[in-house]
Ligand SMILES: NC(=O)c1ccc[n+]([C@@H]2O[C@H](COP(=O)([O-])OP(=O)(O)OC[C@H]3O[C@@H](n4cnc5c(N)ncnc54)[C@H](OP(=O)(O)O)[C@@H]3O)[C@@H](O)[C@H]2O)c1
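One chain comes next, on its own, written as structure tokens: the form predicted alone.
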Amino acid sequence: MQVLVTGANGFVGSFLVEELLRRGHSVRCLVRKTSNLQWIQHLPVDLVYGEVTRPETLGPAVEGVQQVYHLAGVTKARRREDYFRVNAGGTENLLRACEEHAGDLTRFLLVSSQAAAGPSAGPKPRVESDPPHPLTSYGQSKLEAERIVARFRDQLPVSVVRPPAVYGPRDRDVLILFRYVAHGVNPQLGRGERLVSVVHVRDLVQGMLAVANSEAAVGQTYFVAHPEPVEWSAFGETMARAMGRKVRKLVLPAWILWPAALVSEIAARLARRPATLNLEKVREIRERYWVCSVEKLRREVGFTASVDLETGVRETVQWYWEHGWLPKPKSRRKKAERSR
């Protein structure tokens, strides 16, 4: 099968490309001229240069493909309109290209985000039919992309998946917490319970493929996460065990995020780049419950994520150590030196 992956050079996209190749598919990757290709440059893929915001470049990318996995998008931007131009407008451009040039298309899969649905009101997981209430421009732009996909349901076989926080080898977002733990600190925001859904990148990829190849999933939206949510402090403790580290919990007051975000925004504005932490992002971080249900995915598609937290975190730590993204504990460094 000929498959197109947008965002193929990213964290999740590169794992998806590897699995598609392992299954024997021919993979075409839509990339920009400026894309960092370190995770896919050694793979037998067909690179097509273009951008989802430039419709004239998309025809050659989708021509003759049977499946499209749309992961390309922005998670950080300087302006609200940039989120919508790429995440929503780019999705519409790609769908229109598929409508015109991909006559044999069997599935268009949009990888959206839990941010499009918004947080849960409490520990009870959100389900796909709950009214969405995204808190940020990013989440709102991903929800708009979902609505655009829904408008094409009568013309194309479309599906949507909403992953929560994704972790695993090559990830740089959750890496921030791993680095705190590596230095003996398990940071917590406030003293109350903070419950989140997470998914290991390999589970997410398997879930995406299960949805893309299920007839029952045409026209449907699914959360793809591990069925067991995790308490945030327990996430850090799991990392500490994987590293063999003792950590102390550092409880930070929630109000500290506002001045930190303001400083981050000012610095980013001066540097003319997107802020890592901004005032919108604070609204998401302050929420205590980001929990989603995977019952619909299990019932209709037959998929359940299987990488438990201990296994997934241990694998991730090992990869970070091997690639120098995390410092190894001194005891492990000395042991490695003695074995040479």
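The first residue of the sequence shown is number 1, and the count goes up from there. The structure presented is a predicted model; accordingly, all values stated were derived computationally and were not measured.
The same protein has a further form, the form predicted in complex with the named molecule, not shown here; the description that follows concerns it.
- Of the residues G168, G207, G236, P164, just one reaches the named molecule in the predicted bound form with a heavy atom at 4.5 Å or closer; this is P164.
- Taking a 4.5 Å heavy atom cutoff to the named molecule in the predicted bound form, the contact residue among A121, V74, V251, A260 is V74.
- Only one segment in the set 46-54, 60-68, 288-296, 302-310 has any non-hydrogen atom within 4.5 angstroms of the named molecule in the predicted bound form, and it is 46-54.
- Although the partner is absent here, W321 is not a contact residue: none of its heavy atoms lies within 4.5 angstroms of the named molecule in the predicted bound form.
- Contact between V111 and the named molecule in the predicted bound form is found at the 4.5 Å heavy atom cutoff.
- Under a 4.5 angstroms non-hydrogen atom cutoff, the named molecule in the predicted bound form has V86 among its neighbouring residues.
- The named molecule in the predicted bound form is not approached by L4, whose heavy atoms all lie more than 4.5 angstroms from it.
- Residues Y138, K142 are the ones in 122-153 with at least one heavy atom within 4.5 Å of the named molecule in the predicted bound form, listed in sequence order.
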